[in-house]
Every structure is written in C-alpha cells, then in structure tokens.
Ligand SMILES: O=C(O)CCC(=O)C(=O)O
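In structure tokens, one chain follows: the form predicted on its own.
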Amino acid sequence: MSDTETYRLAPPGFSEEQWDQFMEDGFLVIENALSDDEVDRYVEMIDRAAANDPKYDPSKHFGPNNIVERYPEFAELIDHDRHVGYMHDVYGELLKLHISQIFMRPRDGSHNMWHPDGARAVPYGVFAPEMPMQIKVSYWLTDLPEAEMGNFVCMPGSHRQQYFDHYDTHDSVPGELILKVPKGTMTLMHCNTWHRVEPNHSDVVRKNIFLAYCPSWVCEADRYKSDPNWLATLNREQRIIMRSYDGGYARTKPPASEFPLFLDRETGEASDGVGSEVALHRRKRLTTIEKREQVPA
C-alpha cells in the first residue's frame, strides 16, 4: 500500500433495518434515491444510446448488456456512491460488476416468466442458501403507478427456496409483489428471489438501468475481458471492480496493487486488523455484514 496513493472510504451501505428487510424479503425498495434531474439525465443517456444503436426498434424491447463499456458515459455507475456501498458491505474486497444493462419496454406485450437469477440446474442457493451470490441494483426512471406497465414482479421471501411451483410460467401468484413505484426509486434484489416481468399494456415506455454485483470469483455475465484502452479511462476503483484479468485465477487472488479496494468507512483503515502479520492482499478481511453479525445483540 503506497503512502502517496489516495484511497476512498467505502460509501454508505445497508442500515441494520435495511439489511434485515433485504434478507427477510429478498428485495429492498428505496424511493427518492435519485433526484428528478438525475432521472432526466439518465433517461437522456438511455435515449441517446438507443438512437445510436442500429439494432434499436422503438416498437420492441431494447436491452443491451455491458453498457458501462459499450456506452462509456455509463461508466460512472460502476462505483457510484449511490449504490456501491451496499455491494461492498456484502462482497468486500472482492467486489465485481457482474452485468450492466439498460432496458426499454414499450407497449408490445412481451414479458418473462418466473425465474431466479444465475445458474438454474444447480442454483446459487445450493452453495449459499442465505447470502446472495449476486445482488442486482435497479434504477427506476419511469413512473409506474399501475400494474401492466412492464412492472417487475417478485415473490417476497422466495430467495430461500431453490424451486418454485410456478417456474417457467407467467402465472399470477397469491402473495406476489407487483412493483408500483415513482421514478427515482432504487431497488436491490437478492439473486435467489423468484421474479418475473409483466407485459406493458400502457403507452409509457418503461426505462431502467440494471447493474448486478458478485464476488470476483463468480464468472461475469456480459463480457470476457474489457478493452484495455477503455479501462485506462476509468478511475482506480472502477477498473478494479471490472476485474479484467489476463489469468483466470486472478479473480480469486487479485494482485496486491488492488488492495484495499475501499478503506473501512468507520475506521478509515485498509484492514480490520485481523491477520496483520500477513500481507494485505492475502489477508482475510471481514465484510461489513460479517462484522455486524459478530456483534452481540
């Protein structure tokens, strides 16, 4: 760790109440996370990306991946203080961006069926029955006051079950949550939560930004490696979180120069002091959630 290099404090993350709610429901809703000006700016960015994409058809669903690299103005979201602290609370020093997407859902009747994110034949829940192997953050940029506007639908608490009776159907299920929120809302979803999307029968085009995060050793979903020239335009934390390595094993053991990713937000230290006789890049470091769960009630 260089004495001359500046490291950032980990941005704010889950409150205890938010974490408890997230782990109870597998889903967390945070309204007014974005200002109207921020919403307008992101909508303009999405509209510009769509207009410049030869595959864009305004009458159909549009959902390109790896948007942070494909449309470089979205790169600011890789480590944005608005949400990255939540991700760092869970994945700590091995935080990685799993996938980044923009979605535009016009009136076209398209929808998807009940599913969890990640692997299906042997789900993430086999290996991590409680903790999420992936968390998806969603920015809702369109007012969704009613159902059938392309709404996200989930079954609260379903992240604890590896199978769902309505898997691969689009059935409405008692107890489901149809997300009806104002623009500017941010949501966080546990990857094991069963969910689907309603068709859009309105004249409003639903616009979203989705970013999912995971441990660095889970394979990324929307790329193999990133363009080195593009990586050179990023700040230190963004470049690390993209985890673009020449060797696959580096995802498990990143180079020493990538530690610390963030300083502890409470102490300002690069480490929590555990195993201080071991080099920082090889040292076990407690995540925020681990620390919280070790504190007696």
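Keep in mind that this is a model prediction, so the values were computed, not measured. Note that residue numbering begins at 1 and tracks the sequence as displayed.
The same protein also has a form predicted in complex with the named molecule, omitted here; what follows describes it.
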Problem set entry | Candidate site 103, 117 and 136: all three near the named molecule in the predicted complex by heavy atom within 4.5 Å | yes
Exercise. With the named molecule left out of view, which of 188, 75, 197, 94 would have a heavy atom within 4.5 Å of it in the predicted complex?
Worked result: 197
Seminar exercise, completed: Only hit among 206, 88, 83, 183 for heavy atom within 4.5 Å of the named molecule in the predicted complex is 206
Problem set entry | Segment assignment from 162 to 170, 107 to 115, 219 to 227, 122 to 130: heavy atom within 4.5 Å of the named molecule in the predicted complex | 107 to 115
Exercise. Should residue 140 be classed as touching the named molecule in the predicted complex when contacts are defined as heavy atoms within 4.5 Å?
Worked result: yes
Problem set entry | Close approach of residue 71 to the named molecule in the predicted complex, 4.5 Å, heavy atom | no
Seminar exercise, completed: Within 151 to 165, the residues having any heavy atom within 4.5 Å of the named molecule in the predicted complex are 152
